[in-house]
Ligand SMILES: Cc1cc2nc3c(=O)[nH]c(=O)nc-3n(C[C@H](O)[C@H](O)[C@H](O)COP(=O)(O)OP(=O)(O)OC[C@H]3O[C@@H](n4cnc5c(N)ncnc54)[C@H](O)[C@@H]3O)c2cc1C
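Take a look at this one chain, the form predicted alone, written out in structure tokens.
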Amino acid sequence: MSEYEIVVAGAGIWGCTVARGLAEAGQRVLVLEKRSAVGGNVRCETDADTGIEIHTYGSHIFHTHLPEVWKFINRFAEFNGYQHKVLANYKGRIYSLPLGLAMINKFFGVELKPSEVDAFMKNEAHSSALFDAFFRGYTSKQWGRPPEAIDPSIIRRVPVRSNYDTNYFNDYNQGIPLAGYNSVFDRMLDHPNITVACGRAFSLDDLAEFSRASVFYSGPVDALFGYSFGHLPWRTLRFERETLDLPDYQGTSVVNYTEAEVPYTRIHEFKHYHPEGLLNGTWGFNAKKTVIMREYPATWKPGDEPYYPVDCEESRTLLSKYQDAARKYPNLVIGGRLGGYKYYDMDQSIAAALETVAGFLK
């Protein structure tokens, strides 16, 4: 393995971006991925029965306002222009997210004008009612806290739109890769200076084998050090998938279920991510069937996939210990959502990876 100058451990979006950037700079790169395929938690699969691209680890919508990130990702993907819209189910009624005129007017049965929203939301009764309906239960399920422990002041920090814009993201560059997410990672790693080895986990002991290489690690930082200081608190997800003999189940890609009594947080319906397939059949969908997936958050335990870092005093203390331990290895660079213990969107992961590459090449 000594012929490689760079080892990238973890082939998620951060790792693949690092690998591509360094390969293009002339470095010989070995990519190690413990799973059987690259892509990390953005990995998808095509459902054999329906032809629908399933986001195996939950929905991923690429969105960014960063021009350098949009330029980079468009080298490896053509996007379909999908604009993400999310609905909320509260007591059987459907409302448009995010918090804006469409939701407020329907929930309260009023017809506010844009200039009236600010004063309306300053009324404690109004803000508390919206918080209880759409934030308290959902947040308690997402983060594993009892509903009464969720601070109502959260809603004061939530941006309120004074218009009928129901696009979930403000980023003007959005979409789903026309050829699917898997093709993006395959193209990113398709370079003569990159060798990929799937089914190959990375541990701290491997640093001795790759002592002459620079190692870029993006797996869980606590796992790398054998949880020697304890487990970082993570949230994990469980999914239940179902194929239905219906052309359309919910009419959109994601519906949030906001009540604490409903055990799942949302239902994904993946065919809606490819409107080009729904319109002209180019994606090969079975028009008579659909695939939905219910998402259940849970507290992480050993053996689970870590998804979301939990920012608290305990996690910050533990993280600093692992970061101190990592500094003892001069050829080790740790990053990505799991390595950095940061909640990154995909574009933020790419931006961080590009910055890491630029810093390394200085």
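Start at 1 with the first residue shown and count on from there. Since this is a predicted model, take the numbers as computed values, not measurements.
Missing here is the form predicted in complex with the named molecule; even so, the following discussion is about that form.
- Of the candidate stretches 66-74, 37-45, 317-325, 22-30, only 37-45 has residues whose heavy atoms lie within 4.5 Å of the named molecule in the predicted bound form.
- Note on contacts: among H126, K289, H231, R200, the single residue with a heavy atom within 4.5 Å of the named molecule in the predicted bound form is R200.
- The contact residue chosen from G219, G277, P177, G137 relative to the named molecule in the predicted bound form is G219, the criterion being a non-hydrogen atom within 4.5 angstroms.
- In the predicted bound form, at least one heavy atom of Y344 sits within 4.5 Å of a heavy atom of the named molecule.
- Contact annotation for V333: none of its heavy atoms lies within 4.5 Å of the named molecule in the predicted bound form.
- Shown alone here, V18 lies farther than 4.5 Å from the named molecule in the predicted bound form, counting heavy atoms only.
- Using a 4.5 Å cutoff between non-hydrogen atoms, Y329 does not count as a contact of the named molecule in the predicted bound form.
- Of all the residues from 11-26, those having a non-hydrogen atom no more than 4.5 Å from the named molecule in the predicted bound form are A11, G12, I13, W14, G15.
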